[in-house]
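Consider the single chain below, provided in structure tokens and representing the form predicted alone.
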Amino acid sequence: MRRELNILIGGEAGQGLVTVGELLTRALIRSGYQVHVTQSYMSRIRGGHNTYAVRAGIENVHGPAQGIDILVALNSETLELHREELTPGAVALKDKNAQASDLEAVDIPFADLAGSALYENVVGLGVLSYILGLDREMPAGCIRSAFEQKKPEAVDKNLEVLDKAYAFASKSGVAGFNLDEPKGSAGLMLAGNQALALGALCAGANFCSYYPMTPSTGIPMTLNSYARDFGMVVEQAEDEIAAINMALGASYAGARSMVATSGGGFALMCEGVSLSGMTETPVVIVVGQRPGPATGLPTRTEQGDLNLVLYSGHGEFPRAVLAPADPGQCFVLARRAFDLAEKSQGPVFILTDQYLADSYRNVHLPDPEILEPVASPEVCGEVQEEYERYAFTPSGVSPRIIPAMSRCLVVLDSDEHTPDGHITEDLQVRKKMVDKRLKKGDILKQEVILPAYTGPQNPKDLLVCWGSTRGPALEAREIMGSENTAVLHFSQVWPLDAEHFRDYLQRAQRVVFVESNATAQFAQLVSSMVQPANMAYVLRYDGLPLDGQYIADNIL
């Protein structure tokens, strides 16, 4: 019996490896195991080498891990590329027609068992489920859930193939990899994009505009699947400039509004960010990071757009930047982003990345009934003779009334404006308006999420990380020795208050910044506020996600 293991399914795009992986992951979660999925795929519609890696354990698994215990090779290339990663005692499964040179592998007659290429992925699911000791009803239930609504006629055939695969595996002599009894509860199987979309819906979001771009497109796709049930409008715009301006227009008209994009698309949206700042229009902007510049590696991961988001837009105005660590935080922080956007009447960003966007986990969502309500504008303001959209207030936040919902005249202007919204070149008014807008930054500072500290009070090494690197950093702490190592994770990277982390940085003998970029962007930001005595870095920017062993091996 084992406490955890790593499974890697590899093949070409179009061979059904994602279907196998998702069904297997769902079966493991329904069985009570904790899972972590990492997807690697090339920027091609068909072909190329893609992988779907499932790490399953009886307790929480923080992130990806090195080594492969079970390799499912849907083509010969997978065997050659990953043979060196096999752990002692690992098993490789391959199609009986695939060439394996001198690698010992179990031949699976995919075509014979499936009877049709359509069902070959179910053969893989059945063999894997048998090897893992899963009750046949677990994958069978997942097949029913997947096909009963969309293709009910395909359920019986899939179950027939599943039974053939179980029968084959039982006679093949392949070693079993039974896991110990799970200790956790199942939860939902959600990837970062899905959880973020659900968090937005829970916040009352009802408008999303976007231009398709990996890895963020999964957010509007998820929202679209719930659009009818939640009164959600999802609009694919002709380009990114139109997308952000649609979102701002919808917000002006009273919608809870968001856009989802990635670095290259967000670069085109920057003028819209300034428009949000000047018109004091709430908007949530999700940026799914991937390696750049330009098209870069469009289906790989990186944390290279922090500075782009932090300094995007011309002029000076406040903003908040949130960076969830996992799908659970994606849900929570999406909801918080809408609340902050409304309270500060401006742009709020959520920074994810390809690794997080496509990474499935067990997620336990909070009960929406017990959550604090999200801030909202006045829909029908009291009738006033002179309503001022940009009235000067002690907090800098002016009353926001939805136009055409009352007798109040709501005037908005992207030029500098007077309190009632009309264009002005009165330079004294200009100065007061700049101060008013910047004053709203105090609200964001008051609501800032504190960094999360894990470890001893006076560690030898403090691993400082942000966003999706939390799980790998926590795992690195276990590898390096939890008695000497601590982790400080930031799920909000702007605004920052040095008083929230100064003491942590000064107590550690060495501060190690862990980031998925080449220039330590967050380290530069933090060290501009607090300069640790002894700094080190673990930076990964080859397009692959960090893992605990990589961090532990690369601390100099």
Partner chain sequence: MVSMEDFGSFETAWCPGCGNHSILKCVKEALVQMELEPHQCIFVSGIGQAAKSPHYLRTNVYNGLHGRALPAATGIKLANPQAVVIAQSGDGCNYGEGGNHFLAALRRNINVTLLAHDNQIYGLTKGQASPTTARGQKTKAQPAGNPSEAFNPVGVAVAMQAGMVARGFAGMQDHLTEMIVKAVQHPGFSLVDILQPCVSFNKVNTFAWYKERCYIPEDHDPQNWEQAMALSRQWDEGIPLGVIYQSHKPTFEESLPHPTGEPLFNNRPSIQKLNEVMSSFA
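Numbering follows the first chain given and starts at 1. Just so we're clear, the structure is a prediction, and the values are computed from it rather than from any experiment.
Another form exists, predicted in complex with its partner chain; not displayed. Remarks below refer to it.
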With a 4.5 Å heavy atom cut-off to its partner chain in the model of the complex, the contacting stretch among 148-156, 481-489, 258-266, 409-417 is 409-417
Considering its partner chain in the model of the complex, which of A140, M232, L79, L474 comes within 4.5 Å of it through any heavy atom?
-> M232
Heavy atom within 4.5 Å of its partner chain in the model of the complex - the one residue of P215, P282, G272, G467 that qualifies | G272
Contact test, all of P182, P451 and R502, partner its partner chain in the model of the complex, heavy atom 4.5 Å | no
In the model of the complex, L134 touching its partner chain (heavy atom, 4.5 Å) | no
Hey, in the model of the complex, does Y226 get a heavy atom within 4.5 angstroms of its partner chain?
-> yes
Counting only non-hydrogen atoms and a 4.5 angstroms cut-off, does N245 reach its partner chain in the model of the complex?
-> yes
Flag A90 as yes or no: does it have a non-hydrogen atom within 4.5 angstroms of any non-hydrogen atom of its partner chain in the model of the complex?
-> no
Taking its partner chain as it sits in the model of the complex, which residues of 160-183 have a non-hydrogen atom within 4.5 Å of it? Please list them.
-> none
